[in-house]
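Next comes just one chain, in structure tokens: the form predicted alone.
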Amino acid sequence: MKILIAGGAGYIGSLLAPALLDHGYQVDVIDLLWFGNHLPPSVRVIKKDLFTCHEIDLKGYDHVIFLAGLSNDPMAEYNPAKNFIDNGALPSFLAYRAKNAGVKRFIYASSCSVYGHALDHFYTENDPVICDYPYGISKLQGEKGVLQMTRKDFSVIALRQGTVCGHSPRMRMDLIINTMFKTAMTQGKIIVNNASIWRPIYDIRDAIIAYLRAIQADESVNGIFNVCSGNFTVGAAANTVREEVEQLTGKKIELEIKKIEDFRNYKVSIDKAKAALGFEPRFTIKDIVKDLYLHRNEYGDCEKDEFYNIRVFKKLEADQSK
């Protein structure tokens, strides 16, 4: 099977591509390489703007996995216009090209951010989405655009991902558990802006499992699927990170709790993904921390700009405006 990962040189793609190779798939990547190239040499990497792709570029692939676009709220709010283009229009454009090229399945990396504020229960894929922020709105637009192209011979799966965390060859320190781990290791403390809000936490290794299950699903499977490793309040997540770092290092970690209002508050049910895709998360927050600790010597200065998507994005924008 031949798979194309659009935007496959980023945080998730740098772990997903080698995992797909290990499963015997042929993998190519199209990416502008904003964050460099941390992929194995056996992955063919094409540096190309996805908006310039034609059917000929996608012909021969069985599946296209869309990981491209702006990846978080800070990037989306820094440049809302580019956010709506790259997260809203680009997935639809590429799915349109893929369908016309004879691709069998399009897998879209959506986000649980679309739920916005969901207090009273674990939200399912049938619950309303009420996000008022550019990132969540644009991910929902991308989702709707690709799903409307579903046909009998063109399967579309949208994975609404929780907050992905953990180690990747293209490392990020701007993700909730990664950030907690970083400050615990470098400053001896974890800062929590709002302990009561909920987040679906997603070990990146569970994310890889979800993409594999989506690839391997029957061709009749389509639609939206929530995927995460578990739901936690930020306060509970911080306590777990603190306890694990203290156990690993033997050092006391301070916990600083603030009361900063945050309207992004959601928790999700993954029952549909379990039933239809066979997705079963394997990892916990403790597992994320252990894996980060195992790779700690690879990071060096955790404040390097390359670990923070918004810093890289701002530099690219500044360079392009010169």
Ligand SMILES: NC(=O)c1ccc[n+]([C@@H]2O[C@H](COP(=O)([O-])OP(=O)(O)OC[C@H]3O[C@@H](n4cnc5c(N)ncnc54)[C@H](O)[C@@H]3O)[C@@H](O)[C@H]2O)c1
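Numbers follow the displayed sequence, beginning with 1. Since this is a predicted model, take the numbers as computed values, not measurements.
The discussion below concerns the form predicted in complex with the named molecule, not included here.
Looking at the named molecule in the predicted complex, residues 12, 67 and 109 each place a heavy atom within 4.5 Å of it. Here the chain stands by itself, but in the predicted complex one stretch of 97 to 105, 185 to 193, 239 to 247, 155 to 163, 155 to 163, has heavy atoms within 4.5 Å of the named molecule. Listed residues 277, 27, 50, 58 were compared with the named molecule in the predicted complex; 50 is the one with a heavy atom within 4.5 Å.
The contact residue chosen from 129, 234, 90, 209 relative to the named molecule in the predicted complex is 90, the criterion being a non-hydrogen atom within 4.5 angstroms.
For the chain shown alone, residue 71 is a contact residue for the named molecule in the predicted complex, at least one non-hydrogen atom being within 4.5 angstroms. The shortest heavy atom separation between residue 170 and the named molecule in the predicted complex is within 4.5 Å.
Under a 4.5 angstroms non-hydrogen atom cutoff, the named molecule in the predicted complex has residue 135 among its neighbouring residues. The named molecule is not shown here, and in the predicted complex it never comes within 4.5 Å of any heavy atom of residue 260.
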